[in-house]
Each structure stands twice: as C-alpha cells, then as structure tokens.
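Considered here are two forms of the same protein chain, supplied as structure tokens in two stand-alone entries, structure 1 and structure 2.
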Structure 1
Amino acid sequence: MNKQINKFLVDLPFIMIISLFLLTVMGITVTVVLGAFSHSWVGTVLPSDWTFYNIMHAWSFYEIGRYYIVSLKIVVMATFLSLVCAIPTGYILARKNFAIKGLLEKFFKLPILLPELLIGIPLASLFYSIGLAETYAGVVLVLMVIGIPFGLSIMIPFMEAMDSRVEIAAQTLGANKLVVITRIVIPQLIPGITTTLINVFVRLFANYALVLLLGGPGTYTLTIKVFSTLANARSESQGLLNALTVYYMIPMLGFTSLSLVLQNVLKKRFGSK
C-alpha cells in the first residue's frame, strides 16, 4: 500500500502537467469550434446565439475548396512518392550491411533534425534558378525531402522486426526475389506502410516553411492560407477566423484519428511484434 502511495506521489507532478496540457489543448479547440458557430461570444460561458453563417461564408470568402484541392494534389503525390522511395530504401537499410550504411542513416536523419529553413533556403535558390519554384513538381519534390526521411524513421523499425528466416526459407524452397517481396515482405509490412502513409500525409499537409519558400500563388496549400490569414487577424472577423481554423482542423484531426483507429485494427489483424 505504501509503495502504491509513494509511486502515486512520484507520478503526481507528471500527471498534473499532462492533465494541464490536455485541458489547455482541448479548451482551445472547443473554444475555436464554438466560436465558429456563434454570432458573438462575450461574457458568457457558452455563446448566446448560434449560426452557420461563419462556416458557410468562410468557405467562399477564403476559397477553402480551392485550397483543399491544391493541398490534396500536392500532398497526396508527395506522400505516395515518399513511400515509394522509403520502402525499398528502408528495406536495404534494415536488412543489409555495407560500408556506408551508418553514414546513410545519419544523412536521412538530417532533414528531420535540422530546421526546415536551413534546408529550404538553399533548395529555394536552386529551384528558382532552374525554374522549378512555384510549380507543383517543385513543391512536391521539396516536400519529399521531409517525407522520405520521416517515412524511413517509421518504416525501418517495422522492417527490423520482421523475421528474416521466413524470407530465407522461401528462397530455399525456390521462390525468387520478386515473389519473396510481393508474397512475404509486403504483406508483413501492411501495418507499417499504413501507419507511415497516414503520418507522412499529416506531416506534409501541415508543412509551412518549405511550401512558403518554394510555392507560389497557384501552389500554396491550405496551411499557407491559414497562417497568412492569421497574420492579419486584427483586420479579420473573429468568427470567420474560427471557421477557417475549423476547416484546417478537420483533415488534421480526421487523419490523426484514422491513424489511431487503423493501428488498433491492424494490431488485432496482424498482431504486434
């Protein structure tokens, strides 16, 4: 009993900090959502009147639909290509030993560890000089600089957890490399691929610095629109700003929730290592 009390007292500061953090985040989120559906909210616990005007007007006023389309075009392509590059690269780094393996692992960690501006400014100078800046291809490529290393950081632990003896046994029985990869490796990696796909998508969708540096009026994502609008918040209606924030939160919270649900489903379906 005393041990349990002592353990609780030791953990109490951490519990209080985490609880305070969660309450703060939830409080801010609820406040923004409620503010988006109210005419005015001053001096009361809850808004005194409710309306869909802010949500409906913000959609057309801020051209949310157009920014959604641009964001999906760029982020879906960047996520797909990042995964295409990360899966074979991760497999090699997880399964093979070669002279520069350690150097490559450190190299792929740099885009995650370094400030994005430190990466983006030289790339912006290069892309503007070769005509790739402010194009869909240019923004997709620069997002892949973040997407591939981030994808590798998630994929490699899944690949290292796979039992290599199954692959060896299949090759011993006559299966070629293509059969081993498509029939044995890929099915085992479905949980990892799914987790990586969603997390890379969310990371790239929320990227601000690289898209701002390399993008242009036709390739700015919803993230850029939200931040540029909030920078001029004093001249904007608070209700419209709340509605804009809600539109930005929808895909972020949606994909994050989907990630958690799929992780539980895949854990039950395929088991955990």
Structure 2
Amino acid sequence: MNKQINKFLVDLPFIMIISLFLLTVMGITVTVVLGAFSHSWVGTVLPSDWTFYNIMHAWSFYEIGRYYIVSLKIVVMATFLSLVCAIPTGYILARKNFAIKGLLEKFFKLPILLPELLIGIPLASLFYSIGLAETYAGVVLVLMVIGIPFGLSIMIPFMEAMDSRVEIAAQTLGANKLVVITRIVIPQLIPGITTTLINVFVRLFANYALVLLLGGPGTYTLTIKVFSTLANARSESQGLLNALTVYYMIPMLGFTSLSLVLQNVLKKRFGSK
C-alpha cells in the first residue's frame, strides 16, 4: 500500500504536466469548434445559443471555396514536383556512398533550416522583376525550395531501410534498371512515398512566409487568407473567425488522420517480421 502511494507521488508531477498541456491543447481546439457553431459566447462555460449561421455565412463571405481550389492547385502541384525531384536524389543519397555525400546532405538541409525570409525576400525581389511573382508558377516554384528538402528528409530513412540485396536479386533474375525501379523499388517504397507525400502536402499547405512574400491576390492560399483575416480583423465577429478557422482545420486534420490510417494499413501489409 505504502509503495503504491509512493509511486503515485513520484508520478504526480508528470501527470499534472501532461494534463495541463493536454487541457490547453484540447481547450484551443474545442473552443474554436464550439465558437464556430454559436451566436454569442460571453462569460459562460458553454455558448448559450447554437447556430449554423457562422459556418454558412463564412463560406461565401471569405470565399472559402475559391481559396480551397487555389490552395489545392498550388499545393498539389508543388508537392508533386517536389517528390518527382526528391525521389531519384533521395534514392542515391540513401543507397550509395561517395565522397561529397555528407556535404550534399547538409546542402539539402539548408533550405529548411535557414529562415524562409532569407530566401523569400530576394526571391520575391527577383520574381517581381521578371514577372513571375504572384503567378501560379512562381508560388509553386518557391514552395519547391522547401518541398524538396523536406521530402528528402522524410524519404531517405525509408529508402535506407530497404535491403539493397533485394534489388541485386532481381537483377540476377534478369531485371534491367527500369524493371528494378518500377517493379522492385517503387512498390517497396509505397509506404515511404505516401508518408512523404502527406507530410510535404501539409507542410506546404501551412506555409505562410513564402506564399505571403511571393503570392498575389489571385494566388494566395487559404493559409494566407486565414492569417490576414485574423491579423486585420480584431473587430470581426468571433464566431465568423472561428468558422474560418474550422474550414482551415478540416483539410489539416483530414490529411493527418489519413496519414495515420494509411501508415497502419501499410504497416500490416509491408511490415517486417
């Protein structure tokens, strides 16, 4: 009995810290959702009256649909191109040892370590002078600067985990380079590529600095819309702002849970013994 009390006393500070942190996190999330579905909510534990007005009104008021489409166009394109670039490079970095490999790995880490401002400002200045700024191509290009390194950093461990002898085995059985890549490497990499895809997508979707610097009214993503609305509208109805945040939360949560589910499924399918 005494021992149990002792153990509880040792655990108590940890339990308190975890509860405090989790209560804050949940408080943040729950109040946004509650606020989005209520008219006025002042000084009470729960809102007094519920409504769908904010959610309905915010959709057209903030042009959510349009921003969804713009974000989707830009982020899908940037994610796709980043992966197309990162997969072959990641494969070589994971598989082969050569003299300047360590240096190259550091080089590819720089864009996600250094502040986005440092790249964004000169790039914006350059893109404005050659007319690329505020265009889809310009925003996609600038997002690739962080999409490629971020993709590499997630993908390389997956590639390193692959057994190179499996590829040699395929070659001894008569498979050429192309067949090895399409039938042996890519199928084994499906879990890794899926995870990378979702992570890069979420990361690029949430990017504000680069899109803010290089985008324009036609190419601002939902993230920029949310940011500028929150920054400039302290007098706007809290319910409406919450509804906007909810619309922003949906894709983020959707993709993250998708990634969790996929990881579980793929682990079962491809898991090692």
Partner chain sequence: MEQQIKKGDYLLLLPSAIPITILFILPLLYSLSLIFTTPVYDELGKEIYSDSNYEYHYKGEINRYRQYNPETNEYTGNDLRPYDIKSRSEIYKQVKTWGFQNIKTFFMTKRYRVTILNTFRLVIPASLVQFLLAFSMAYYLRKKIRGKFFLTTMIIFPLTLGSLIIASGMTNLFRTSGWFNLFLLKVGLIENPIVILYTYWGTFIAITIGGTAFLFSGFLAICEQFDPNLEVAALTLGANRFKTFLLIFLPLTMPSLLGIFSLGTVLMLGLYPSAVLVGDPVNTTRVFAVAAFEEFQQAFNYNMAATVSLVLTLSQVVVLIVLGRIRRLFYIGFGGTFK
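Counting starts at 1 with the first residue of structure 1 and goes up one by one along its sequence. Take the two forms, superpose them, and find the largest set of C-alpha atoms that agree within 1.5 Å; that set is the rigid core. Nothing here was measured: the structure is a model prediction, and the numbers come from that model.
Annotation: structure 1 represents the form predicted on its own, while structure 2 represents the other form. After superposing the rigid core, the Cα of residue 17 is displaced by 2 Å or more between the two structures.
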